[in-house]
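Single chain ahead, by itself, as structure tokens, in the form predicted on its own.
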Amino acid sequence: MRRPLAIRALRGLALALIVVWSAFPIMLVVASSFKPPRDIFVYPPTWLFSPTVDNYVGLWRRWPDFFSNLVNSLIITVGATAVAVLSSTLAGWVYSRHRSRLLTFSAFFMIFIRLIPPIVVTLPLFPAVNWLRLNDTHLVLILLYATFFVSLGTMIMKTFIDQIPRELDEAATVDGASDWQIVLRVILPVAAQGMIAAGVFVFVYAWNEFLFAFIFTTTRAKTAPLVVSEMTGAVDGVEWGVLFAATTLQLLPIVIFVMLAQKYLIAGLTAGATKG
């Protein structure tokens, strides 16, 4: 009895250390966003202080574009997530329910493409984006982010759809359902958890992505990470309180989204781990 209890205690301690290690930088940033500038880098750090919203007021006054860029980030992130999840679900259904050499080759090719660093594809993409007149548009980032994560989303959805009994498809076929009706009325309702799991990865990536946004946007489709980067390189010096306020506002939506989708994320990622 003592040994299992000791093992559980060690596991709990290890988990607590991981949580502290991961959460401490976030807590430090959020706390610093409410501190007066003179107290942000004081040593030793002060955890008891009178909170102030001056940093957020300064962000609103000196970087008003940040808030419109947050809206751009939201539009692009939601669009990319919707496109990636829909494409991944349809592709995952095909890979799960059909077998052929071409599909096997395409699966390996899709994984291989996913391993290529994004910076490698920016050079050949730039003239193509210019020719299509998609520069500085929401659409180009939506398509790039969705394309970048279709491979991972497809593998997640294939694994999840593999757990859905084929008898459901066969029963629907006997009742006269087409492939589209099977996907819409049988697969999608059961695979919702996997879709949310795939969507979380796309959402987090698209919300924080910097490279593609830096290269393919200038003003109209500019995202929040670009403004945060500009704050760190301001000519008149870095206003750390304002920077931490902007970081907190950018971090808040993603934390809320992941917390709301947590149980679906776990269910989606563990699909295929056990056999019924």
Partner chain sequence: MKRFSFAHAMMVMPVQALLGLVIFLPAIYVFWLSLNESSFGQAPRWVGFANYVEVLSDPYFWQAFLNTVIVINIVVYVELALGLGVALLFVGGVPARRLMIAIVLAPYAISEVSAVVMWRFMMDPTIGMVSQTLAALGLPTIEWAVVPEHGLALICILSIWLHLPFTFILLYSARLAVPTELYEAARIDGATPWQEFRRVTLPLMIPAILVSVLFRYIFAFRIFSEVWLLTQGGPARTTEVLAVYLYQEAFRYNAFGKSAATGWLMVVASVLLALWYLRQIYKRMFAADA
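It should be emphasised that the depicted structure is a prediction, and the values quoted were computed from it without experimental measurement. Residue numbers count along the first chain shown, from 1.
Another form, the form predicted together with its partner chain, is not on view; read the next lines as being about it.
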TODO: Could you spot which one of V204, L74, V186, A192 gets a heavy atom to within 4.5 Å of its partner chain in the model of the complex?
DONE: V204
Task: in the model of the complex, the residue from L168, A107, V78, I196 that sits within 4.5 Å of its partner chain by heavy atoms - done: A107
Task: its partner chain contact in the model of the complex: N69, any heavy atom under 4.5 Å - done: no
- [ ] Evaluate R97 for contact with its partner chain in the model of the complex, applying a 4.5 angstroms cut-off between non-hydrogen atoms, and reply yes or no.
- [x] yes
- [ ] Classify P45 as contacting or not contacting its partner chain in the model of the complex by the rule of any non-hydrogen atom within 4.5 angstroms, answering yes or no.
- [x] yes
Task: Distance check, D179 to its partner chain in the model of the complex, heavy atom within 4.5 Å - done: yes
Task: Contacts with its partner chain in the model of the complex - residues in 89 to 120 whose heavy atoms fall within 4.5 Å - done: L90, A91, W93, V94, Y95, R97, H98, R99, S100, R101, L102, L103, T104, F105, S106, A107, F108, F109, M110, I111, F112, I113, R114, L115, I116, P117, P118, I119, V120
- [ ] Relative to what we see here, could you say if L15 and T46 have their Cα atoms closer or farther apart in the model of the complex, with a change of 3 Å or more?
- [x] closer
Task: V200 and A16, C-alpha gap in the model of the complex relative to this structure (3 Å or more) - done: farther
